[in-house]
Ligand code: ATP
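Listed next as structure tokens is one chain, alone, in the form predicted alone.
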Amino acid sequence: MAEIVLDNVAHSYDGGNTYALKKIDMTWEDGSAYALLGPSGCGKTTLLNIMSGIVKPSQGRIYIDGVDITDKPTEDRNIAQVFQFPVLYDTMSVRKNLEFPLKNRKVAPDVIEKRVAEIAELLGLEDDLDIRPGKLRSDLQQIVSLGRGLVRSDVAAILFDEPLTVIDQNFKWTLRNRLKRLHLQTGVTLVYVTHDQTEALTFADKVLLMNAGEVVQTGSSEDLFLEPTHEFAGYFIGSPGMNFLDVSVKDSVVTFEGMKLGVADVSGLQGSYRLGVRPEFVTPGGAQGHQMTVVRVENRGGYQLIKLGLGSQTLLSKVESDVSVREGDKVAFTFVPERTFLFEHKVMCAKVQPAGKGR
């Protein structure tokens, strides 16, 4: 277990013409669980491989507990990594695959036996220990690969690169909970790469949301959902994502196609902005509501998704299943003020209060 510091780290695969990973300065706190979340190609795996030593960054330094390890090979970093697809020795049994990282470090046989039994119990492999991995289903092979990454108790951190990709959907929830339990038991630093927001938001203490090679927001799952500081956090987090409207602001008054939507809580704003509000916070009723036309109503079981017309644009409202509206109705809907944001150059700069409540 250790503190890992990335100091001005960036990486280009083509000599500096384009950057797969843009500059990042961050301290990964000892004992925390992190998720790197974002779409394919956003730089998640590059960042993970820089931490493990597979890739040397084009610029910047990496420190573990104050020691510069930027130029150290992977084997000298005391970091375990679990890849997207199984990496196993098929000539060995599952037991021997789990023992191998410990035997390489000359761990005492009784300690190896105990640790392998603990990991096998954690991952549900007790009945498969004497089977060769090649005879197991692909998802069970990946679970064995997970076990190889988890078996060492002395590592500074364990890095997971989308480890549940080949795991059966019904078993993913169980495995995530087991990994979380392991983290709570051991206190080891975990870094988990995924494009699945459910995995990230249920697993991690802190989420790093990435897009186009940069970290656009860092925080808890609650932070990213309730307080997005970047348009991409609004778009990528949530199902469905945030509604956006191109609005005009003059003397902090926010208008859309001549309709007054509210007042920014920051004085003096002028110009063109993007208003963002999640469907969960477009609610029917309210004295400060805006008249909208119900375009479509979809019953999703536990909730309804309502498509609304406002001027020339449409937006979504996510409401309880017992809310009674029909297509063609004109209904007042309110933007919850604490959850309605203005973005300038994709960065959140203000919240929008109902007209008359602003400055």
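Just count from 1 along the sequence shown to find any residue number. No experiment lies behind these values; they were computed from the predicted model shown.
Beyond the structure shown, there is the form predicted in complex with adenosine-5'-triphosphate, which is absent from this document and is the topic of what follows.
- Of the candidate stretches 319-327, 287-295, 45-53, 304-312, only 45-53 contains residues with a heavy atom within 4.5 Å of adenosine-5'-triphosphate in the predicted complex.
- At a distance threshold of 4.5 angstroms between non-hydrogen atoms, Asn299 is out of contact with adenosine-5'-triphosphate in the predicted complex.
- Contact check for Glu99: every heavy atom lies farther than 4.5 Å from adenosine-5'-triphosphate in the predicted complex.
- When adenosine-5'-triphosphate is considered in the predicted complex, Ala20 lines it closely, a heavy atom lying within 4.5 Å.
- Residue contact check for Asp139: none of its heavy atoms lie within 4.5 Å of adenosine-5'-triphosphate in the predicted complex.
- Residue in contact with adenosine-5'-triphosphate in the predicted complex (any heavy atom within 4.5 Å), chosen from Glu162, Glu227, Glu214, Glu280: Glu162.
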